[in-house]
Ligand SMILES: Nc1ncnc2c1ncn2[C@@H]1O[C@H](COP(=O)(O)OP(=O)(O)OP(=O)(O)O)[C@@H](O)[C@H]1O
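Shown next as C-alpha coordinates: one chain only, the form predicted on its own.
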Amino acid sequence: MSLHLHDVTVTLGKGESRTTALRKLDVTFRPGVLTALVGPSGSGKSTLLAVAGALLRPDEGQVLLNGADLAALTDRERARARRERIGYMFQSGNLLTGLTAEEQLLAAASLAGRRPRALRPKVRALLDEVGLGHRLAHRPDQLSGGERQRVALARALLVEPELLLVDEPTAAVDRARADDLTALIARTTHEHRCVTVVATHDPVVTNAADTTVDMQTHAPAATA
(Lines give C-alpha, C1' and ligand atoms only; values in the text may rest on other atoms or scores of the structure.)
Protein backbone atom coordinates (compact mmCIF):
# COMPACT_ATOMS: atom_id res chain seq x y z
CA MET A 1 0.00 0.00 0.00
CA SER A 2 1.30 3.43 -0.92
CA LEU A 3 0.03 6.81 -2.01
CA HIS A 4 1.73 8.50 -4.94
CA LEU A 5 0.73 11.92 -6.28
CA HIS A 6 2.25 12.13 -9.74
CA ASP A 7 2.51 15.49 -11.55
CA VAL A 8 -0.59 16.79 -9.75
CA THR A 9 -1.77 20.30 -10.58
CA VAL A 10 -4.73 21.96 -8.87
CA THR A 11 -6.14 25.42 -9.56
CA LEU A 12 -8.68 27.07 -7.28
CA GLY A 13 -11.05 29.99 -7.82
CA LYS A 14 -12.11 31.74 -10.99
CA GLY A 15 -11.16 34.78 -13.01
CA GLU A 16 -8.73 37.18 -11.35
CA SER A 17 -8.89 35.25 -8.08
CA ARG A 18 -7.80 31.99 -9.70
CA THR A 19 -4.61 30.58 -8.19
CA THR A 20 -2.54 27.45 -8.59
CA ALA A 21 -2.53 25.60 -5.27
CA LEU A 22 -0.40 22.68 -6.45
CA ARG A 23 1.78 22.59 -9.56
CA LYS A 24 3.27 19.37 -10.94
CA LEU A 25 3.47 17.91 -7.43
CA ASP A 26 5.23 14.56 -7.30
CA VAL A 27 5.45 12.91 -3.88
CA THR A 28 5.09 9.40 -2.44
CA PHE A 29 3.78 8.38 1.00
CA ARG A 30 4.60 4.94 2.38
CA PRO A 31 2.62 2.51 4.58
CA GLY A 32 3.44 2.51 8.27
CA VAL A 33 4.98 5.96 7.97
CA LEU A 34 3.57 9.06 9.64
CA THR A 35 4.26 11.99 7.31
CA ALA A 36 3.81 15.58 8.47
CA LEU A 37 3.02 18.23 5.87
CA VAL A 38 4.61 21.49 6.96
CA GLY A 39 4.60 25.01 5.56
CA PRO A 40 2.77 28.31 6.07
CA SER A 41 -0.94 28.81 5.48
CA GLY A 42 -1.61 28.87 1.75
CA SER A 43 1.23 26.51 0.87
CA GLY A 44 -1.15 23.77 -0.29
CA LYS A 45 -1.33 21.41 2.69
CA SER A 46 -5.12 21.23 2.86
CA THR A 47 -5.38 21.01 -0.93
CA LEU A 48 -3.02 18.06 -0.95
CA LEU A 49 -5.18 16.31 1.67
CA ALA A 50 -8.34 16.99 -0.35
CA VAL A 51 -6.80 15.58 -3.53
CA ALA A 52 -5.29 12.57 -1.77
CA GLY A 53 -8.63 11.79 -0.14
CA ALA A 54 -10.64 11.90 -3.40
CA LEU A 55 -12.52 14.98 -2.20
CA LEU A 56 -11.06 17.16 -4.95
CA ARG A 57 -10.20 16.03 -8.47
CA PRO A 58 -6.92 17.48 -9.76
CA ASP A 59 -6.77 19.42 -13.01
CA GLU A 60 -3.85 17.27 -14.09
CA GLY A 61 -1.93 14.28 -12.81
CA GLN A 62 -2.57 10.99 -11.03
CA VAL A 63 -3.46 10.14 -7.44
CA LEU A 64 -2.35 6.53 -7.08
CA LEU A 65 -3.57 4.65 -4.00
CA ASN A 66 -2.05 1.19 -4.13
CA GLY A 67 -1.68 1.66 -7.88
CA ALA A 68 -5.30 2.68 -8.57
CA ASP A 69 -5.76 6.22 -9.85
CA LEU A 70 -8.38 7.90 -7.65
CA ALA A 71 -8.50 10.84 -10.06
CA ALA A 72 -9.69 8.57 -12.87
CA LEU A 73 -12.53 6.92 -10.95
CA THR A 74 -16.19 7.78 -11.42
CA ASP A 75 -17.88 9.86 -8.73
CA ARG A 76 -19.56 6.75 -7.35
CA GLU A 77 -16.27 4.84 -7.22
CA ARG A 78 -14.57 7.76 -5.50
CA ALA A 79 -17.35 7.92 -2.90
CA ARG A 80 -16.94 4.21 -2.21
CA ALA A 81 -13.18 4.63 -1.78
CA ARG A 82 -13.77 7.45 0.70
CA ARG A 83 -16.18 5.31 2.74
CA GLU A 84 -14.23 2.07 2.77
CA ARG A 85 -10.53 2.88 2.39
CA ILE A 86 -9.87 6.39 3.64
CA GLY A 87 -10.15 7.91 7.11
CA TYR A 88 -10.40 11.67 7.58
CA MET A 89 -9.98 13.99 10.51
CA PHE A 90 -10.80 17.56 9.51
CA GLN A 91 -9.84 20.56 11.58
CA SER A 92 -13.51 21.45 12.06
CA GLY A 93 -14.46 17.88 12.94
CA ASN A 94 -17.27 17.71 10.32
CA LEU A 95 -19.58 15.88 12.71
CA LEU A 96 -23.28 15.25 12.06
CA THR A 97 -25.29 17.73 14.11
CA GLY A 98 -27.98 15.49 15.59
CA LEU A 99 -25.85 12.45 16.49
CA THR A 100 -24.11 11.66 19.76
CA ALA A 101 -20.38 10.91 19.85
CA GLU A 102 -21.10 7.17 19.84
CA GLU A 103 -23.61 7.48 17.02
CA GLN A 104 -21.10 9.41 14.87
CA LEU A 105 -18.89 6.33 14.80
CA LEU A 106 -21.73 3.85 14.37
CA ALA A 107 -23.05 5.84 11.40
CA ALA A 108 -19.61 5.81 9.78
CA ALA A 109 -19.43 2.05 10.26
CA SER A 110 -22.81 1.59 8.58
CA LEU A 111 -21.80 3.74 5.60
CA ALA A 112 -18.66 1.64 5.20
CA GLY A 113 -20.76 -1.53 5.02
CA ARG A 114 -19.88 -2.73 8.53
CA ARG A 115 -22.33 -4.01 11.16
CA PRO A 116 -22.69 -1.19 13.71
CA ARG A 117 -23.92 -3.46 16.50
CA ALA A 118 -20.86 -5.70 16.23
CA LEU A 119 -18.57 -2.67 16.35
CA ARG A 120 -20.15 -1.05 19.41
CA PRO A 121 -17.47 -2.36 21.84
CA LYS A 122 -14.73 -1.07 19.54
CA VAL A 123 -16.52 2.29 19.22
CA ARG A 124 -16.59 2.71 22.98
CA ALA A 125 -12.97 1.60 23.33
CA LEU A 126 -11.84 4.13 20.73
CA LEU A 127 -13.77 6.97 22.33
CA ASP A 128 -12.28 6.01 25.68
CA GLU A 129 -8.81 5.97 24.12
CA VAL A 130 -9.21 9.57 22.91
CA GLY A 131 -10.45 10.62 26.34
CA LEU A 132 -14.17 10.73 25.61
CA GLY A 133 -15.46 7.59 27.25
CA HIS A 134 -17.59 9.77 29.52
CA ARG A 135 -19.06 11.75 26.60
CA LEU A 136 -20.62 8.95 24.54
CA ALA A 137 -24.12 10.44 24.65
CA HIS A 138 -23.15 14.06 23.94
CA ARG A 139 -23.95 15.76 20.63
CA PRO A 140 -21.52 18.12 18.83
CA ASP A 141 -23.13 21.25 20.31
CA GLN A 142 -22.44 19.82 23.76
CA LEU A 143 -18.75 19.23 23.04
CA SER A 144 -15.83 21.63 22.94
CA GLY A 145 -13.85 22.16 19.73
CA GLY A 146 -11.12 19.87 20.96
CA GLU A 147 -13.62 17.18 21.91
CA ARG A 148 -15.21 17.35 18.47
CA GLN A 149 -11.77 16.83 16.93
CA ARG A 150 -11.20 13.77 19.10
CA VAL A 151 -14.55 12.29 18.05
CA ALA A 152 -13.53 12.88 14.43
CA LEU A 153 -10.21 11.09 14.97
CA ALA A 154 -11.92 8.10 16.61
CA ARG A 155 -14.37 7.99 13.69
CA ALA A 156 -11.51 8.05 11.19
CA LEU A 157 -9.74 5.17 12.93
CA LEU A 158 -12.81 2.97 13.32
CA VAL A 159 -12.67 1.23 9.94
CA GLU A 160 -8.87 0.80 10.12
CA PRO A 161 -8.30 2.80 6.93
CA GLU A 162 -5.59 2.15 4.38
CA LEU A 163 -5.10 5.91 4.14
CA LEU A 164 -5.49 8.28 7.12
CA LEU A 165 -5.64 12.01 6.38
CA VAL A 166 -5.50 14.45 9.28
CA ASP A 167 -5.79 18.25 9.21
CA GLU A 168 -4.31 20.13 12.20
CA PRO A 169 -5.23 17.52 14.85
CA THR A 170 -3.88 19.53 17.79
CA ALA A 171 -5.20 22.98 16.87
CA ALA A 172 -7.98 23.06 19.47
CA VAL A 173 -6.63 20.90 22.29
CA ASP A 174 -4.39 21.56 25.28
CA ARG A 175 -0.76 20.47 25.34
CA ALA A 176 -1.30 17.24 27.27
CA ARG A 177 -4.12 16.17 24.96
CA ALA A 178 -2.03 17.13 21.92
CA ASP A 179 0.66 14.72 23.08
CA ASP A 180 -1.92 11.96 23.59
CA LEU A 181 -3.58 12.48 20.19
CA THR A 182 -0.27 12.60 18.37
CA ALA A 183 0.86 9.39 20.09
CA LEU A 184 -2.42 7.69 19.12
CA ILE A 185 -2.05 8.71 15.47
CA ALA A 186 1.56 7.50 15.41
CA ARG A 187 0.72 4.20 17.11
CA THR A 188 -2.18 3.54 14.73
CA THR A 189 0.04 4.26 11.75
CA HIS A 190 2.75 1.86 12.84
CA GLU A 191 0.50 -0.94 14.10
CA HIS A 192 -1.94 -0.98 11.17
CA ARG A 193 0.60 -0.04 8.51
CA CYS A 194 -1.69 2.61 7.06
CA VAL A 195 -0.46 5.55 5.01
CA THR A 196 -0.85 8.58 7.29
CA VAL A 197 -0.53 12.20 6.16
CA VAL A 198 -0.96 15.01 8.69
CA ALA A 199 -1.07 18.72 7.87
CA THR A 200 0.26 20.61 10.86
CA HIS A 201 1.94 23.70 12.29
CA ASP A 202 2.60 21.99 15.61
CA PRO A 203 6.16 20.95 16.54
CA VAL A 204 4.69 18.19 18.73
CA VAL A 205 3.34 16.53 15.59
CA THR A 206 6.38 17.13 13.41
CA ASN A 207 8.68 15.78 16.13
CA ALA A 208 6.58 12.60 16.32
CA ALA A 209 6.44 12.17 12.55
CA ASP A 210 8.65 9.64 10.79
CA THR A 211 9.23 12.09 7.95
CA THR A 212 8.12 15.54 6.79
CA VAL A 213 7.21 17.12 3.47
CA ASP A 214 7.88 20.85 3.29
CA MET A 215 5.14 22.30 1.06
CA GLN A 216 7.22 25.41 0.39
CA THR A 217 9.59 23.18 -1.56
CA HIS A 218 6.63 22.13 -3.71
CA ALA A 219 4.99 25.55 -3.90
CA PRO A 220 3.75 26.78 -7.32
CA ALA A 221 6.15 29.11 -9.09
CA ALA A 222 3.47 31.63 -10.02
CA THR A 223 -0.22 32.46 -9.93
CA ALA A 224 -2.18 31.01 -12.81
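Sequential numbering from 1, following the sequence displayed. Note that the structure is predicted; figures quoted are calculated from it, not measured.
What comes next is about the form predicted in complex with this ligand, which is not displayed.
Residue contact with this ligand in the predicted complex: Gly44 places a heavy atom within 4.5 Å of it.
With a 4.5 Å cutoff on heavy atoms, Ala21 counts as touching this ligand in the predicted complex. Within this chain, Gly13 lines the site of this ligand in the predicted complex, having a heavy atom no more than 4.5 Å away. Although the partner is absent here, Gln91 lies within 4.5 Å of this ligand in the predicted complex, judged by heavy atoms. Residues within 4.5 angstroms of this ligand in the predicted complex, judged by any non-hydrogen atom, belong to 35 to 43 and to none of the other stretches in 154 to 162, 187 to 195, 170 to 178, 35 to 43.
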